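Just the one chain here, the form predicted on its own, laid out as structure tokens.
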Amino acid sequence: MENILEIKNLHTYFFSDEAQVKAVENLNLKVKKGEVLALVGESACGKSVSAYSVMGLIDSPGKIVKGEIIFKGQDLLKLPKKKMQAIRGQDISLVFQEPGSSLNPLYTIGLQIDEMIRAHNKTASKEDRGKRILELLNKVGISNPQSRIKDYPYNFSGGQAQRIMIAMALSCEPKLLIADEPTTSLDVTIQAQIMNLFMRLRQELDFTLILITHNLALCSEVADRVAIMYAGRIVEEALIEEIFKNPLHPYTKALFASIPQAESKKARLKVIKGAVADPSAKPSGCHFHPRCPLAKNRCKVNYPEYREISPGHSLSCFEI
């Protein structure tokens, strides 16, 4: 399968008078056309910053210091601002983490979806845009869309608001959709409904999906491949079946161990000791070594090479 997106040696930093925050550091990632790739890791590991880098949404004091983001054969980082604006929303779309804060409370949901369509299809008539909005709301499961099109975001529940965000993201039929923690603020039942919606729409509209999440259990149901991220870098990557059957990196194993088990209700939950590496003061060597049970002296000095250990399964660890 051909790659629709390839990120090469990406470094995205944030600058202040006190510190240089290396949110994403030496990120390398390939996304195959038509697949579902899950990008997994704890909060503050750089997942969302990676997505915003792809979308061209890194503003001051942030900056993409170096790297390449190749989408359909062209480096997005070298494109003029207007051309990147044309790609954003039309070819690549992003579903934000918090629909309540992403939707503008001052405008109806119909006007907000209409704005997206007009930005990328200036020749579409008002009538055609109206039909498209109703079609989108139907697709994402908003009941009676004709009467809801003039409602404001506060008239909708969290799950409905996320459906509207998905409708907006898909309004121009993008080839690549990035969903940034799309179920975080939703209860378990609504989470399942939203993920089923993503899978159904992916089959209907034939787009590639990058799912950003910290929920490994969720990945098992929807993803084709998983990339595990820690402190701004990918530390392990494999097919979903392989990583569940044979997780190798100590961080990946720790994530699996921390998943609650239904059969052990009285057992204490396992946690990963310590805290996520501070991006403004990352440990030397392997950034996971202060929390790693396998760490040796060399782990504290040098960062392990990212290498393929079996077909499709790569990781960076000295001890594996």
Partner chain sequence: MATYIIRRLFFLIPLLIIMSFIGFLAINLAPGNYFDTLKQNPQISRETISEYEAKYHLDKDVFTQYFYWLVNVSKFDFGYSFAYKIPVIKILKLRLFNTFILSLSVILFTWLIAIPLGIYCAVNQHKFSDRFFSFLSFIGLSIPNFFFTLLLLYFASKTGILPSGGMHSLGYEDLSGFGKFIDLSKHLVIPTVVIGTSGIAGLQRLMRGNMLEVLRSQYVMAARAKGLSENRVIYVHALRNAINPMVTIFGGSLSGLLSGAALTEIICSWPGLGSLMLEAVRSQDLFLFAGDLLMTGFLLIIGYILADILLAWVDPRIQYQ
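Positions refer to the first chain, counted from 1. Quantities reported herein were computed from a predicted structural model and do not represent experimental measurements.
Not on display, but discussed next: the form predicted in complex with its partner chain.
Each of L57, Q85 and G89 places at least one heavy atom within 4.5 Å of its partner chain in the model of the complex. Segments offered: 215-223, 70-78, 114-122, 136-144. Contacting its partner chain in the model of the complex at heavy atom distances within 4.5 Å is 114-122. Interface residue among S185, Q160, T208, S102 relative to its partner chain in the model of the complex, by the heavy atom within 4.5 Å criterion: S102. Proximity to its partner chain in the model of the complex, taken as a non-hydrogen atom within 4.5 angstroms, holds for one residue of E98, E173, D128, E241, which is E98. Of the heavy atoms in V235, none are within 4.5 Å of its partner chain in the model of the complex. Within 4.5 Å of any heavy atom of its partner chain in the model of the complex lies no heavy atom of A167. Using a 4.5 Å cut-off on any heavy atom, the residues of 135-156 that reach its partner chain in the model of the complex are, in sequence order, Y152, Y154.
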